[in-house]
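Shown next as structure tokens: one chain only, the form predicted alone.
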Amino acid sequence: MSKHVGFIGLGAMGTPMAERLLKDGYTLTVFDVNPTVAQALAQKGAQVVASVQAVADAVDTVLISLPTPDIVKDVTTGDKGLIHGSKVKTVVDLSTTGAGMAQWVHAALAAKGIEFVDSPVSGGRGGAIAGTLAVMVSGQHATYERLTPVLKNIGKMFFIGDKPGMAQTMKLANNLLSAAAMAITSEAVGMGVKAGLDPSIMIDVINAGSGMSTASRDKFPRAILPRKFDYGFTTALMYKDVRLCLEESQALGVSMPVATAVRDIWKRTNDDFGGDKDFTNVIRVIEQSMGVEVKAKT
């Protein structure tokens, strides 16, 4: 596989993943709708072009990291999308879109002789910076092996299956667990604070016991207890992921009542505090309902 690849989408996740490829000696041709972030990467050696199609005209393999299914659809198959590129042969989608969208894009690109690989990642911005993401891949196993040299730079790879969308289903299941952990940990700690407990001591006990999760281990100490609300993932994206998971369960005819309750909490967080705010603001929905503030004592 060539060490010249394309990268589209240089946001909170895309930029550190692209930087890791540059450090490994890859030549990157990149595009982002925000020219500032693209130019910042140019200073580290990336070649910046002016459009999505220009990326697809320059390289045979393009990685994309985008925020929503509709944007993925437009970037891949829109009027000025990758589908119109003269050189691209493989598109690797690191975004979270849901299985249905992955299957649709796969079929559209396949009709033009372009292979589409859904490869969502998990582990947050910290994992992207450290190169420790969980990288889920579905597609032909030969393609998985061909992409290993590039994808291993951003994390640990997992071959999920050979059907389009299987990696998306895995990612949605994972993110549902993360969203649920944030919501239920917020409720549990909020209840304790209402009863007079110290939230910092509560988190220490939870992390030493059976209730520990990434919410208690990472998000509460770093962003909630100090009231920073800056973990690095937006409420809109978390709500989108849970909503996509419920949509997939409905398409499968599967009832998920707990997931439905989790979705409702994230919808309230999104509506009350704004989709652009950090997802750790979910605690504030719980605080409002309980009349408490979850804050580390100084």
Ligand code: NAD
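What you are looking at is a predicted structure, and each value in this text was computed from that prediction instead of being measured. Each residue number is its position in the shown sequence, starting from 1.
Not on display, but discussed next: the form predicted in complex with nicotinamide-adenine-dinucleotide (NAD).
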With nicotinamide-adenine-dinucleotide (NAD) left out of view, choose which of 260, 250, 39, 34 has a non-hydrogen atom within 4.5 angstroms of it in the model of the complex. 34
Single option in 46, 66, 59, 242 placed near nicotinamide-adenine-dinucleotide (NAD) in the model of the complex, where near means a heavy atom within 4.5 Å: 66
Candidate spot 14, 75 and 121, all three touching nicotinamide-adenine-dinucleotide (NAD) in the model of the complex (heavy atom, 4.5 Å): yes
In the model of the complex, which of the stretches 221-229, 186-194, 142-150, 89-97 has residues with heavy atoms within 4.5 Å of nicotinamide-adenine-dinucleotide (NAD)? 89-97
So in the model of the complex, does any heavy atom of residue 181 sit within 4.5 Å of nicotinamide-adenine-dinucleotide (NAD)? no
Give a yes or no for residue 160: in the model of the complex, does one of its heavy atoms lie within 4.5 Å of a heavy atom belonging to nicotinamide-adenine-dinucleotide (NAD)? no
Could you confirm whether residue 233 comes within 4.5 Å of nicotinamide-adenine-dinucleotide (NAD) in the model of the complex, counting heavy atoms only? yes
Heavy atoms within 4.5 Å of nicotinamide-adenine-dinucleotide (NAD) in the model of the complex: does residue 84 have any? no
Restricting to 141-174, the residues within 4.5 Å of nicotinamide-adenine-dinucleotide (NAD) in the model of the complex through any heavy atom are 171
